[in-house]
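Listed next as structure tokens is one chain, alone, in the form predicted alone.
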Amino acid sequence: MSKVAIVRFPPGENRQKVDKNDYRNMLQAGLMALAGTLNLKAAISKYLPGGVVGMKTNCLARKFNSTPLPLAEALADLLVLSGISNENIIVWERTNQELEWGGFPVSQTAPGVRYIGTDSPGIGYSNDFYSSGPVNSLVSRILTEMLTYNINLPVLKDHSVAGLSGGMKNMYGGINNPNKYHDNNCDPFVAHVSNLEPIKKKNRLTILDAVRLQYNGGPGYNSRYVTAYNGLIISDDPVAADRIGLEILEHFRKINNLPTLEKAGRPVRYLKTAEEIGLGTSSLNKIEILAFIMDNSGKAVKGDYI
């Protein structure tokens, strides 16, 4: 049984700004629930026992709806509390420009957390191709050579081709030729990109930012279809994280009188493919959802996720 932890502020609150402390509280509650412990250090060490830890962002929507800097900063603070030094944390993206679009301070050298793009001098892509199914790609050397483990830190949103842009789709930003893999609603390509050996081996957690959820018109920003979900979706199963993200996305499409993604011609086929090749669980009856609502004191209490 796969587990997905969902932590959010009360539904209906239009929190235009979620700060680092808010994210820290949500992350603490979600990581401890997922790990089944009340000890934060033990929770983090279960998934990230040491070494150099990366965070793969999603910054294509610029500051409108990209991975928030306060989320990455809050997560870095918790990693440090668990015993991982700042110098062993790398926030990364496809390009330095995309990081800057998202409001991240590009910084390739220590001291402190590094913020780097694959196009930084001396980095680039692997010398060798990695293959899975129809996918044959070079992978960012940040992932193949610099990191021990990776945390996938995307934004949950609609996608004009794939239907859903979540954790697995975000890893298109870790390969050299994502343009080749958009036919047939990106299926089976999304699944096989995440099945590339360095991606599958090093991705330990998916933390989907769903504070401001775009349920249509993505992946570019469209304010008409943005709503406040106010939460994070956290799992060590990349398929389960996306599957629950899809449930939330479809819920907001329904209450806003939009057809399902399948009826809109954008079925999210790649989740089933991902389960079939052993990446994780896409069957709802095999996913345990641990849902919490943050109260006014900053504590998490059990609640509903939609």
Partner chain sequence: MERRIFLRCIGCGAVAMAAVNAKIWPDFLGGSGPAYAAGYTKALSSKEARYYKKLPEGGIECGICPRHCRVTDLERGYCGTRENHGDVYQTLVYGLPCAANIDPIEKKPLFHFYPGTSAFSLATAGCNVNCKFCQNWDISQSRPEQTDNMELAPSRVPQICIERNVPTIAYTYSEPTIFYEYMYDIAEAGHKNSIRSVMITGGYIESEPLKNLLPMLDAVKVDLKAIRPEYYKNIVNGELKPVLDAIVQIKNSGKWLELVYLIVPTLNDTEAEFKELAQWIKTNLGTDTPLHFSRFYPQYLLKNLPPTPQATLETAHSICKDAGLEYVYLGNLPGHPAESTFCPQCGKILIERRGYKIYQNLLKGNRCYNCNHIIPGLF
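Predicted model only: the values in this text are computed from it and were never measured. Numbering follows the first chain given and starts at 1.
Here the subject shifts to the form predicted in complex with the partner chain, a form of this protein not shown in this document.
S.K.: Quick one: of R204, R94, R114, R141, which gets a non-hydrogen atom within 4.5 angstroms of the partner chain in the model of the complex?
M.R.: Here the answer is residue option R94.
S.K.: Looking at T148, N177, N184, S85 here, can you tell me which has any non-hydrogen atom within 4.5 angstroms of the partner chain in the model of the complex?
M.R.: Contact with the partner chain in the model of the complex is made by N177 alone.
S.K.: Just one stretch in 206-214, 190-198, 75-83, 122-130 has heavy atoms within 4.5 Å of the partner chain in the model of the complex, so which one is it?
M.R.: So the stretch in question is 122-130.
S.K.: Does any part of S160 reach within 4.5 Å of the partner chain in the model of the complex? Heavy atoms only, please.
M.R.: Looking in the model of the complex, residue contacts with the partner chain include S160, since a heavy atom lies within 4.5 Å.
S.K.: Give a yes/no on whether K272 approaches the partner chain to within 4.5 Å in the model of the complex, heavy atoms considered.
M.R.: No, K272 sits far enough from the partner chain in the model of the complex that none of its heavy atoms falls within 4.5 Å.
S.K.: Please run the contact check for K46 against the partner chain in the model of the complex: heavy atoms, 4.5 angstroms, yes or no?
M.R.: No, K46 is distant from the partner.
S.K.: Would you check, heavy atoms only and a 4.5 Å threshold, whether T227 touches the partner chain in the model of the complex?
M.R.: Residue-level check for T227: no, no contact with the partner chain.
S.K.: Has each of A61, N136 and P219 got a heavy atom lying within 4.5 angstroms of the partner chain in the model of the complex?
M.R.: Spot residues vs the partner chain: full contact, yes.
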